[in-house]
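Quick setup: one chain, the form predicted on its own, written in structure tokens, and binding and motion questions come after.
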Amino acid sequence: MTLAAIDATGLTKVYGRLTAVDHVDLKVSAGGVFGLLGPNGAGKTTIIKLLTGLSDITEGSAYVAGFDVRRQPMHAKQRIGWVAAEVILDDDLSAWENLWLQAQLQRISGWTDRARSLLRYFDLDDRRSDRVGGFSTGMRKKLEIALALLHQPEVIFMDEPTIGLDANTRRMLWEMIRGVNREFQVTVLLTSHYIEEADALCDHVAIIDHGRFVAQGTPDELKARVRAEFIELETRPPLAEAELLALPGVQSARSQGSGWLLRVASADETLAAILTRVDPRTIHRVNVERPSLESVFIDLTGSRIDSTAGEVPDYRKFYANLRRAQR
């Protein structure tokens, strides 16, 4: 029987009075792409830090590439790569010098042939001597993944790999992640709060909220759980709950900020009733959510995954400013 690439039981992390990860069970099959999907602050990055040995486990156990993260941390770390959300490249060095630095930090011997192969694979060979500061965002992401693959890991962690990228660059990264998974036969665990990203990339998904897994399965399995549609409705003045529950097809109504989240049997039927019974001039906002990973999250938690995402920080500018301040 093939061992799981990642196998965690009761994984827990407590910071003072805050339980950031709450007794999570996680099993990731070797060779697949597994997604942790949830809003910012849900515990996704903390799980990666626990699995990579960057943060101590409060309770529970975790095995990565067959090694106990708590008892054999160095063995586990030798077999994993990590692509962080923030920039890890040195803009003042060339692509080749960044690879050289990575090899020194990880004490990799005979790394040059591997580095050349990775530069060719990511179409960066002709830019190997150029300073990284002049690279496009897509090129930088390619080089970051090349660094993570340099020591031939069995598992690669990608923490919000496309955060802050425009739609075209994000889709280019999706193709690259699929290619890396196939070409290098490496297991990928990625975190994201982008619904379409998890749906497009992942074989299996765990939906996480407030440090707990609320659902796991393939994207199709998760979407099949929800036998309903959702309508977000905001009117001014607001409608009463009793008025909403009286509409045809409405199964439940939940207050959401200044509006309502309606679980309905058929959005088309309920919307038609709303438009005939409510003055359209009073409708401030209406949105329909049909079966998707987003609707799964709404059904389980009563809110959207991206409702707490907020503004995405520009890490590249932050680190560039930090380097200039240090000079």
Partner chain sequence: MTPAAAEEAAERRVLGWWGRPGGDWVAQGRQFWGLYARELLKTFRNPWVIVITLVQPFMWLAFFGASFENVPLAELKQLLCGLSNPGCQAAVTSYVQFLLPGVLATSMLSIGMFGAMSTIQDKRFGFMKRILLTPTSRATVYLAKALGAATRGLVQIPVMIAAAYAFGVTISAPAWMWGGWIAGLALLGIGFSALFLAITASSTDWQTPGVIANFITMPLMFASGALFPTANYPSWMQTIAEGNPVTYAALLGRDVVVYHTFSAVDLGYLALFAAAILLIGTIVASRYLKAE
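Positions refer to the first chain, counted from 1. What you see is a predicted model, and the numbers here were worked out from it, not measured in a lab. Whichever C-alpha set is largest while still superposing within 1.5 Å between the two forms counts as the rigid core.
Heads up, the form predicted in complex with the partner chain isn't pictured, but that's what we're talking about next.
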- Item | Listed range touching the partner chain, judged in the predicted complex by heavy atoms within 4.5 Å, from 178-186, 231-239, 103-111, 162-170 | 103-111
- Note on the structure: From 193, 142, 127, 77: within 4.5 Å of the partner chain in the predicted complex by heavy atoms is 77
- The listed residue (295, 270, 46, 52) that reaches within 4.5 Å of the partner chain in the predicted complex by any heavy atom is 52
- Task: May I ask you to state whether residue 221 is within 4.5 Å of the partner chain in the predicted complex, using heavy atom distances?
- Result: no
- Answer for residue 213 alone: is it within 4.5 Å of the partner chain in the predicted complex, judged on heavy atom distances? no
- Is there any non-hydrogen atom of residue 115 lying within 4.5 Å of the partner chain in the predicted complex? no
- Message: Taking the partner chain as it sits in the predicted complex, is residue 67 near enough to touch it, meaning that at least one heavy atom pair lies within 4.5 angstroms?
- Response: yes
- Message: How about residue 216 - superposed on the rigid core, does its CA move between this form and the one not shown by 2 Å or more?
- Response: no
- Core-superposed C-alpha of residue 132 shifting 2 Å or more between this form and the one not shown: yes
- Message: Could you check, with the core superposed, whether the Cα atom of residue 93 shifts 2 Å or more between this form and the one not shown?
- Response: yes
